[in-house]
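Taking the form predicted on its own, here's one chain by itself in structure tokens.
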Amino acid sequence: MKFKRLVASVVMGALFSGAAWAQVKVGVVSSSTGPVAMVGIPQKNSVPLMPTKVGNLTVQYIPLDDGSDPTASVVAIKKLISEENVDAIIGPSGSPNAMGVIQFAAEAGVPLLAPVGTAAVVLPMDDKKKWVFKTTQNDQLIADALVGHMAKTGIKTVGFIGTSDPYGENWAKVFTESAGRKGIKVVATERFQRSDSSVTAQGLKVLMAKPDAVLIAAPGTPAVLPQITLYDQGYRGKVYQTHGAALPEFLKLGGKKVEGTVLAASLMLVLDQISDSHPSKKIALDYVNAYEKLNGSKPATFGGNVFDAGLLLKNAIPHAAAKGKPGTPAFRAALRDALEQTKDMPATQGVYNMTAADHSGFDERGRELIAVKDGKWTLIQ
């Protein structure tokens, strides 16, 4: 009898051990409260839609809210690594938050899929950033589209207003260089904090430079303030925005004052105007419909960035499982390698082709030129 109980105990232990090995744990850190909540909420709401089964492995997502605070992001990342022993992390939502956690993910050897705007999380590539994969379009891809439109429409001078953080800093650098190659001069450069309630001084300085157009580089709802300020100050030149403004609240908060805005962003903003032949259209449409069914509203593109991270992991997990068991350093290293070898994988934001030098992996299928017309996003043909 004792022998039978011993055998049963061993068998049950093996079963539970196997179940533990068969589970991939993924931490998700989003800013679902605080100043970046308009970005973080659709990201958090996308988690229930992500794959929970990959082959014979189950995937458990552990969501945490950092309250838009970079320090809280670090605490959350450390908790996921040390207490939860996660195999990968998706997040955080904000560029400053993501920049602050890279070293901890790299030191632990845990792949970090960052749904943030700034390319600084993956460029220039080094031993730490090789653990980071970016699920939004790099600034250069978006900037080249905007500058191309400026050149085509005869714009010669531009004013720049960007956030005082890694997002705005990288955009100032990339845009100035891209504009220079087309003979377009940046005649004014101003910065503001995401939490600022007024940018009157910055707007006046830009107005004094009399630019043909203005580019605003800010993620989420902070992108609205500089534009409505310029409008109230009498500016009627062309205004451009980055993909950071690609959310429904931009239209709601800006109203008529953002009419005519031009931006470059993913196809998700104008799905009904995209050709059925686009490899990402069906995936994006299915995601939008599932999100709306679950949450009662359509998602901002920021939610798609997190959903795509789940698709990237789904694609990479089988390759990693052949090299190690979930929960081990071998599995996490193999997962990093598999993510880096992603080829021709369509998702909601475009088609991913990762390399050792490019951990974003988008080409022109990951961007569309879009204008605000009659209060709606309209594809520029």
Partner chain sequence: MEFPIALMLVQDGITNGAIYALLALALVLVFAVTRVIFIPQGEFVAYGALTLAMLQAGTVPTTLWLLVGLGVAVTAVDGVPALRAGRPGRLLGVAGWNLAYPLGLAALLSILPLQSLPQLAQVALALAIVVPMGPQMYRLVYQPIASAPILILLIVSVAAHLTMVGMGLLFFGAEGQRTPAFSDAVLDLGPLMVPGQTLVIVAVSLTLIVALFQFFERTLYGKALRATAMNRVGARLMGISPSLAGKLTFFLAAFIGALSGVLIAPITTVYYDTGFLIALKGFVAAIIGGLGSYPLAALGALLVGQLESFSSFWASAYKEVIVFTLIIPVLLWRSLNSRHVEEEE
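In this text, all values refer to a predicted model and were calculated from it rather than measured experimentally. Residue numbers count along the first chain shown, from 1. Rigid core: the largest C-alpha set superposing within 1.5 Å between the two forms.
There is another form of this protein, the form predicted in complex with its partner chain, and it is not shown here; the text below is about that form.
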Checklist entry - Taking Ile228, Glu249 and Lys252 as a possible spot, do all three reach its partner chain in the model of the complex with a heavy atom inside 4.5 Å? => result yes
Checklist outcome for this item: For its partner chain in the model of the complex, the stretch among 31-39, 313-321, 328-336, 345-353 with residues bearing a heavy atom within 4.5 Å is 31-39
Checklist entry - Only one of Thr153, Ser297, Thr71, Ser198 has a non-hydrogen atom within 4.5 angstroms of its partner chain in the model of the complex; which is it? => result Ser198
Next on the checklist: Counting any non-hydrogen atom inside 4.5 Å, which residue from Asn170, Thr221, Asn138, Thr301 sits next to its partner chain in the model of the complex?
Outcome noted: Thr221
Checklist entry - Do Thr261 and its partner chain come within 4.5 Å of each other in the model of the complex, heavy atoms counted? => result no
Checklist entry - Hey, in the model of the complex, is Gln103 touching its partner chain, heavy atoms inside 4.5 Å? => result no
Checklist entry - in the model of the complex, does Gln193 have a heavy atom within 4.5 Å of its partner chain? => result yes
Item to check | Proximity of Gln202 to its partner chain in the model of the complex, heavy atoms at 4.5 Å | outcome: yes
Item to check | Large Cα shift (2 Å or above) at Lys129 between the shown form and the other one, core-fitted | outcome: no
Checklist entry - Is Val224 one of the residues whose Cα moves 2 Å or more between the shown form and the other one, with the core superposed? => result yes
